[in-house]
Ligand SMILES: C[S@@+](CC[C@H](N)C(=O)[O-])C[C@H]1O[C@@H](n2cnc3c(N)ncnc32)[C@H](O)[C@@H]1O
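What follows is a single chain, given as structure tokens, in the form predicted on its own.
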Amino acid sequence: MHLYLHIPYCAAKCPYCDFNSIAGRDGEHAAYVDALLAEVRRLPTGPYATVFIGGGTPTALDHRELARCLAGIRDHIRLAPEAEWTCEANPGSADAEKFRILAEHGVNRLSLGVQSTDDATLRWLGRIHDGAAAERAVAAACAAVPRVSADLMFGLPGQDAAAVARDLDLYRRHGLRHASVYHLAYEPGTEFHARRSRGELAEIPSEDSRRLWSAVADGLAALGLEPYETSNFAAPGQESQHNLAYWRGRDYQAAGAGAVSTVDGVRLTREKHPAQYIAAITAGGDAVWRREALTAQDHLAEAWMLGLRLAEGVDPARLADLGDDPARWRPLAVPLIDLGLLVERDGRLALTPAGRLVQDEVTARLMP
């Protein structure tokens, strides 16, 4: 079993972010923790192989509320042996004491939203920390828990391979064994999307994106981190087991504003706005605003889309179980194999490094 818990609060809303997060509202945090714990108590107790607390910024909670939240979760759930418990944190809202609280309550993996080590870039991205704060946070996280990952962004206007190399050196300095690296995207509803619509920002040319991606992949490979998913790199055995559960189509429970669960073919999405979520849970409701019964076609589409994100690729046996006959997709796959975009390896169909650069187009061509 797998469990996702959402904390929607941030100190500030970053101009590129389209996650379910909201800035400020500190006075609401205690009521939100009450509601979240009330929903957690309605969930199966476990045992859970993975738990992931995401956001927003979970470390936006103050020390007292963070400890109360974690204690309430542990009072209800049971963890499987060798369970992975991840919490997201931002350098601008985390400190050694918060990391100590997280570790004390069972968190054994931290995912830090560093994004860049350059002060000017961080200001442009709307982050509230600087490079020195990022270094301190990573060092404190490594001292608190055995596994630490850091997020970085690439594809930024004016970014070059030298800037990427300077960012990647963070992993060498701290011996990090996991990296999540995301290309800047101009998502609808964000400030950056509005600025692009006004002509104030523009996406970098695709050839620049490819060069920067190569710099990312080569730089992390030199540190022993290999891509196991489109945006994620790890040393062997250091992969995020929680995220692998998503990408492999496993069921997962969830609680919190905007949190999504998928169990026995039913996908539930909770109220996104924290005040509405709090009100629904406090009134005894389930805070669910959308219920979807996933069809066989839904499962098949996700098997292709998520499977091709993984370095291990898509399992033809799973496709067959979902009703996708090789007679349909193999004639589509063969030309892509001949072009060097796909490879059959260990009985699976996977993207090559060249295919990864045109992942969306290859996936669209193969899907039913």
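Don't overthink the numbering: it's just position in the shown sequence, from 1. No experiment lies behind these values; they were computed from the predicted model shown.
Below, we refer to the form predicted together with the ligand, which is not included among the displayed structures.
- Stretch 150-158 is the answer when you ask which of 256-264, 150-158, 243-251, 163-171 has residues with heavy atoms within 4.5 Å of the ligand in the predicted bound form.
- When contacts are judged by a 4.5 Å heavy atom cut-off, Arg270 does not count as touching the ligand in the predicted bound form.
- For Ala132, no non-hydrogen atom is located within 4.5 Å of the ligand in the predicted bound form, even though that partner is not displayed.
- A residue is said to contact a partner when one of its heavy atoms sits within 4.5 Å of a partner heavy atom; Tyr182 meets this definition for the ligand in the predicted bound form.
- Looking at Val358, you'd find every heavy atom of it more than 4.5 angstroms from the ligand in the predicted bound form.
- For the candidate set Asn90, Thr117, Asn232, Thr86, a heavy atom within 4.5 Å of the ligand in the predicted bound form is found for exactly one residue, namely Asn90.
- Taking the ligand as positioned in the predicted bound form, the residues of 33-62 that bring a heavy atom within 4.5 Å of it are, in sequence order, Gly55, Gly56, Thr57.
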